[in-house]
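Coming up are structure 1 and structure 2: the same protein chain in two forms, each one given alone as structure tokens.
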Structure 1
């Protein structure tokens, strides 16, 4: 056994000993399959690293470059058309086999997971939260809704809900004329209301202008005759026929839920869906707060 081999074995022993020392000092539980597999992997890496290094260092001392040179070369430096060394080939193949085994069987899918524990705790907390606040009064909902708005909505809509000068929807104005016209001309099919998609071109020209001005103005004053085409889904009062279509008058629970669940596209741009981010009580609280924002 030459000196290089002895040094390599000693180095491998030191690496393995250091690994065992760290495991013992940190009191890592090797009965956990994940910890055990990690420990075995660390030992295997130490052994393979030293073994491969010794093999090729010895080989570099004695071997000479032989074989057929490739036609291509770079500044006089060429490559031989030699087969991949067996050690490298089998190591690569073994790594692939191990990766497939680890993905399909080695990793205990049903074992403890920090992410799984966190998700379970979130679900349990949400259930408790819903139970505690299921009969919350309007003042509590408004305060809760303001907190939710400042965290989830204000980055795009602004702290006061003004839409940051046209960058997002302005809650102080409900709808602008341009937004209503955009929906009339292009339709809307993203909110997934029970009434279904709103087709584009429901009104045109002066009729569309009249509807847009009426809705953007808070549906006050004399209702234009052309609004009749809208009333079929939204109701004569524009309140959405009991939640089956969007409410054009106020931010009710149904509208907030559909927008949060599905996102929204309009004349300003696209708002991504926040599905699963808010509980039903939180959505109700957000709707309560939005209804208090005034221009």
Structure 2
């Protein structure tokens, strides 16, 4: 055993001692396997550092240059011919093969796509929404409808749905008299109901007034005789003949669907279409909520 080895072992002992001192002074719990493994790692690093250093310091002291010189030399500095280590050469070849695969298939087929991740998120959410709310009860629909209303509808129709004093349709009732008159005079073909377009001027003068009064009043009381012309499509009860024409009394599912899908332009102004923004369940929820606002 030479002097260098003794110095090395002493140095390793100091490192290990210092490690133990730190562990003790920090009161580290060695029964925790993570701490124990870290401790063993620290000791191993100390031993390896000293061992490897001793090996190469000895080698520098004793080694003589031997071997065959390469033809290349730079300002008199030459280089020995050195065989490529086998493990290195094979891993280099392997890397090249992997690179070809990665270039042709690995990257192109597995690349990250932001839109792809978004599409997956939407699909997963929609599937979950469908399964959770397929048969939603009235209370769920009510609160869902309120959220939808506050986000999508309230900016124009107001948070209470009152239409902000005439700036938009007032949901606290089905119609105002002016709205009904406007529809009777001008007709309407915007909602794309199965029954088709309503022509303008089907009733005139006092008849139109009477109908407007009656419909705006919630179709209560005695029905004016002139309502017969409306009943042909809207039904005698005004409820739209099972969804083939607009319901004049309630905000039913069909009405909400047709307005959201097609938008509307009436006596107040234009409402843009919200096509594709709401799922059928959300439309139903909105209809439920609108019915409760109307009371």
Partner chain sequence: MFHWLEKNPFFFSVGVFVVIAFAGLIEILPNFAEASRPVVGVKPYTVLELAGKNVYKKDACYECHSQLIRPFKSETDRYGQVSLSGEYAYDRPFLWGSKRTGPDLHRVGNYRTTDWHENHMWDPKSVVPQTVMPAYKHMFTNLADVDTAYAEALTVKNVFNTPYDAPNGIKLGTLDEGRAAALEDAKAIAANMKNKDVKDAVARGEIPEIVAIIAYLNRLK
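Numbering follows the first chain given and starts at 1. Worth saying up front: this structure is predicted, and the values here are computed from it rather than measured. Definition used throughout: the rigid core is the maximal C-alpha set that superposes within 1.5 Å between two forms.
| request: Give me a 1 or a 2 for the form predicted together with the partner chain. | output: Only structure 2 fits here, because that chain is the form predicted together with the partner chain.
| query | Can a Cα shift of no less than 2 Å be assigned to residue 165 between structures 1 and 2, given superposition on the rigid core? | reply | No, the C-alpha moves less than 2 Å.
| request: Superpose the two forms on their rigid core, then report whether the C-alpha of residue 152 is displaced by 2 angstroms or more between structures 1 and 2. | output: Shift of 2 Å or more: no.
| message | Tell me whether residue 279 is among the residues that move between structures 1 and 2 (Cα shift of 2 angstroms or more, core superposed). | response | No, because once the rigid core is superposed, the C-alpha of residue 279 moves less than 2 Å between structures 1 and 2.
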